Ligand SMILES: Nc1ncnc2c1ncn2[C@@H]1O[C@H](COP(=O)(O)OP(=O)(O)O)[C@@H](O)[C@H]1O
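Before any questions on how it binds or moves, here is one chain, the form predicted on its own, in structure tokens.
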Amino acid sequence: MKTLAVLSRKGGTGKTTVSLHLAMAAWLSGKGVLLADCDRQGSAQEWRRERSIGGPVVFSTKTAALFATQQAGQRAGRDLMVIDTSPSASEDLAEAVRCADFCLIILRPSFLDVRAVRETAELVGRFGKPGAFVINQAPPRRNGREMACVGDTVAQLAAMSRPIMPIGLRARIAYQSAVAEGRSVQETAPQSAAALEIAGLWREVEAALWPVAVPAAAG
């Protein structure tokens, strides 16, 4: 079983929305998924209660119990555990990073969000874990061009020596509407721009978690 930690020390970044949508993308692709809800607000649990059909198993837990939750998921034959972390102190995030095979650091394209992720990126580095930034809630392009805040954010993140996922997520009402129904955008609007974004982000995450071995050259 692989473990994906979705991290943000700052509230309002859309971390839970990203966690839910990636868990759903994995489940829709046929994987057995456990979503560990470590957020004190229990938003992932609220989403699961709204859902009347099958989907990922959502388990409310504390970061101190993540290793035990991970072991239980492995015994149950799950393929993936997604950790929806709480925007909290470094000691809580540290346990999630410790358990993770890959870390996604979520932020919006803003000065304060960039400042907040620096310590998280350093924490991931101290544990020697692979990971990447995901820019979420980015404003739409105007006349085909990115807003200045997106370019500024990319430039500042580049200085932190950690990759940025090539698929970012735009600020779209479709995400919140789907979550309110206990669904994902891939279910409510499968041909929408939001659904294509999530599918693309999941492909990048899946490749990071299950890299394809390159055959050795002959000779």
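Since the structure is predicted, the reported quantities are computational estimates derived from the model, not experimental observations. Just count from 1 along the sequence shown to find any residue number.
There is another form of this protein, the form predicted together with the named molecule, and it is not shown here; the text below is about that form.
The named molecule is not drawn, but in the model of the complex it has no heavy atom within 4.5 Å of Pro211.
The named molecule in the model of the complex is not approached by Ala26, whose heavy atoms all lie more than 4.5 angstroms from it. By the criterion of a heavy atom within 4.5 Å, Arg172 is counted among the residues contacting the named molecule in the model of the complex. Contact between Gln191 and the named molecule in the model of the complex is not found at the 4.5 Å heavy atom cutoff. You can rule out all but one of 63-71, 147-155, 174-182, 45-53: in the model of the complex, only 174-182 has residues with a heavy atom within 4.5 Å of the named molecule. Annotation for 125-161: interface residues with the named molecule in the model of the complex are Asn136, Gln137 [heavy atom within 4.5 Å].
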